[in-house]
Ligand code: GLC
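Below sits a lone chain in structure tokens, taken as the form predicted on its own.
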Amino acid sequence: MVASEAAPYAKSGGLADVLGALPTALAERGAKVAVLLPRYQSIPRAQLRRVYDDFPVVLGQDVYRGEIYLHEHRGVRFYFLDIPAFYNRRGLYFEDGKDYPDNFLRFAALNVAGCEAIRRLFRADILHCHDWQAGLIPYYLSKRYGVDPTFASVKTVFTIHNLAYQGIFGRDVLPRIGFGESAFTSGDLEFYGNVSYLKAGIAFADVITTVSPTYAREIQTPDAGWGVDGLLRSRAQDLHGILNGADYTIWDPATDPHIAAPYDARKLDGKAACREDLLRTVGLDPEALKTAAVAGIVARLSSQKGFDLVAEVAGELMNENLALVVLGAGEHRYEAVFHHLAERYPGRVAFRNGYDDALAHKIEAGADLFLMPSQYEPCGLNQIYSLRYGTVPVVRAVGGLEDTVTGETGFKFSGYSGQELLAAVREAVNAFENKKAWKKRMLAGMKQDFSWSASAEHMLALYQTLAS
């Protein structure tokens, strides 16, 4: 596998969670798995072992020489491409809100290294490429490495984790990444007058996957296709929606070290202690909120996540018997919404700007509801975590939210409007008053199994079909 991030090494979102869990699930089923990542500044060399000096990465007329480091984690070999000029920076993709202007080179280098790794580090049947940052690999294999017998039987899988992020750059990058003007056609890298790394992955991979069955259908429509719906429809036979899983070794209230008390579906007593601990941690009074439904949000604060709907009906939401605990960072306008709510309702709203892993766990364990009103959601993981923690999700019925939340385990609304969100929250808050029925809903969610087991089996079967 080649990706730009993986937990526990580097994380900005759900992609890292997938790369931290899926490889191990595959290894547990007998696959030999290696993952190639950049060695970012945040990944200290001290915990790694250097295994290759002077690793060559050729991009156009330039040769970048790096080193390869190795760390074995949970049965998987994680290789790290160390080219300090590209990766020795504070951020993964951007700094101070601005993308690094040489991202086209930084991730083209990772793509070339992914191909060279099969020559020099790890012979593979399958080269699995994740998101636009690894989207050029199938194209490099076709155009640069196609005559090399090393790659004669190598098949490629390209996974779309979020179609909205496409790796789009100007046509002037072509010579810098090793291609001439002949690559600038609609059948190659050209995409509405620019170059798209994501399009390369979709067009040239042997198989395409995405992270939920519903999202696989949605992205073949103009409304959710971000300009590549036609290409995806043309490859519909090769497109597979495989639901992401949850890593229950990390997200399980029975064993979670971050929460105040353990609990599970057989013994729920610890949930009340976690609720009180969460409220005290964020400065809210548990006694004053004894009858209120505590709603949690842990998210990147962006328009994708539906926070314009929250802003639209914020006053009406707070007229309900509701408290809100929010953890996130992102677009300033949404940060301002939650700052304002916390100032206006200081006893009922707490906002923590940023990301805090321990607090994220406390919110999952201590909240009664979890809000995910997403405009679109390829899979989503927090609603899966919430189910396991007995924290009832309130979600918009899109993508993986539609695939994982039912009327028995949560509350869903369909249209993208503040009033529909408000109606769903009201329904949930009213339902919260019936403790017996609420407990039944909690337990139904806690008994769901969205572990990586089924997803890994599905992926392994796909690999085996390709390899044969």
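Quick note: we count residues from 1 along the sequence shown, nothing fancier. Note that this is a predicted model, so its numbers are computed, not measured.
Beyond what is shown, the protein has a form predicted in complex with the named molecule; the following relates to that form.
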In the model of the complex, which of the listed residues (Lys155, Arg348, His161, Arg275) lies with a heavy atom within 4.5 Å of the named molecule? His161
So the named molecule isn't shown here. In the model of the complex, which residue out of Ile219, Cys379, Ala108, Val395 has a non-hydrogen atom within 4.5 Å of it? Cys379
Partner proximity in the model of the complex: Gln133 to the named molecule, non-hydrogen atom cutoff 4.5 Å: no
I'd like to know if Asn244 sits close to the named molecule in the model of the complex, meaning any non-hydrogen atom pair within 4.5 angstroms. yes
Would Leu189 sit within 4.5 Å of the named molecule in the model of the complex, counting heavy atoms only? no
Contact flag, Ala25 vs the named molecule in the model of the complex, heavy atom cut 4.5 Å: no
What stretch, of 253 to 261, 370 to 378, 307 to 315, 226 to 234, brings heavy atoms to within 4.5 Å of the named molecule in the model of the complex? 370 to 378
Sequence-ordered residues of 1 to 24 touching the named molecule in the model of the complex, heavy atom within 4.5 Å: Gly14, Leu15, Val18
